[in-house]
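In structure tokens, the next block holds one chain alone, the form predicted alone.
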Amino acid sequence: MSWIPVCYEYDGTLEGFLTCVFESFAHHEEPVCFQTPHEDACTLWDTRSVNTDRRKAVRVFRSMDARLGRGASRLVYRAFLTCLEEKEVHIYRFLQYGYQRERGVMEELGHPLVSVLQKAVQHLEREAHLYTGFARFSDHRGILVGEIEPKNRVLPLIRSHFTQRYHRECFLLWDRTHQEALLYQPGQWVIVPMEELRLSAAAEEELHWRALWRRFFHTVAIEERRNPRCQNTQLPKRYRNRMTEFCRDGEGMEALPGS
């Protein structure tokens, strides 16, 4: 039986995508592209809207490790968080190949369908690790608020780090790129969509601490050992625009010594 090429429209969630995978195998449809209702995309293929079905999604997710090998579900979950272009197509083709190949696919590290996801996940994990050190919070009326602009969706990966580190605090960490936020109060956390974050001007005490940080950096700097290249390697410039020690009064940028 030949498979019918189709473009799936889904809600953009992992559960929605896995529902698409279930529908594909159930109806012998070959998804050539995936899109969400918010995307203004044009396709030559027939488009079918797929409603998210948690039961179908769970069936697909649970089958991965059993049929493709240990770690397959983790790879798919994290690959879905990456900024890999057309990630849904790459993940689907990996699953399609894996279900046909069954056991052993996770050991084929050199296979293009496997390696493309592995490399994307490595990029995600490295960025998430860096943000555990590069994310900054400011005190806004007793709530710690921070902003980040990652390429990948790192909040699910760095969530446990910050909820454990600030387990007695209330905080909000906003992902400006993907318009979602991690909200936490002692004992409870949630990641929710958030299109915009508007904050009042930083308090005088907050500005005072920022000024102290800048003074510290300039004080400990050794002029004769300036190494901008090394500094940019250890702290890439794209991370700096949301770091409080580079900002004056909450706006603008100030370079560290040697940057």
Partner chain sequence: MNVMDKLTILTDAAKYDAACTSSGLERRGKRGRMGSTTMAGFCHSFSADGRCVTLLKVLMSNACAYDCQYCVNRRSNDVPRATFSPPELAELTIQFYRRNYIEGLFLSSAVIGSPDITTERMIQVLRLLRETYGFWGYIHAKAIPGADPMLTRQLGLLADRLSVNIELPSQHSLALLAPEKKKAGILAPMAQIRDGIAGSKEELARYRHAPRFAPAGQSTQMIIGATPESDRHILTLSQALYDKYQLKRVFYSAYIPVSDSKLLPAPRQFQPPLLREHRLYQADWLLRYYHFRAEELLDEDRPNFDERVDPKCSWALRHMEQFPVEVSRAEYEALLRVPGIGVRSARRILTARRAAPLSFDILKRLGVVLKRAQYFITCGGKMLPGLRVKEDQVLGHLAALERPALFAAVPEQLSLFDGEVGG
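Since the structure is predicted, the reported quantities are computational estimates derived from the model, not experimental observations. Numbering follows the first chain given and starts at 1.
Quick note: we don't show the form predicted in complex with the partner chain, though the next part is all about it.
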- For this chain shown on its own, do 206, 225 and 246 all sit within 4.5 Å of the partner chain in the predicted complex, going by heavy atoms? yes
- Testing 149-157, 174-182, 113-121, 81-89 against the partner chain in the predicted complex with a 4.5 Å heavy atom criterion leaves exactly one stretch, namely 113-121
- Message: Is residue 67 near the partner chain? Define near as a heavy atom within 4.5 Å, in the predicted complex.
- Response: no
- Mark residue 231 yes when one of its heavy atoms lies within 4.5 Å of a heavy atom of the partner chain in the predicted complex, and no otherwise. yes
- Any of the heavy atoms of residue 56 lying within 4.5 Å of the partner chain in the predicted complex? no
- Message: I'd like to check something about residue 200: if you look in the predicted complex, is any of its heavy atoms closer than or equal to 4.5 Å to a heavy atom of the partner chain?
- Response: no
- Query: Across 210-226, which residues bring a heavy atom to within 4.5 Å of the partner chain in the predicted complex?
  - Reply: 210, 211, 212, 213, 215, 216, 217, 219, 220, 221, 222, 224, 225, 226
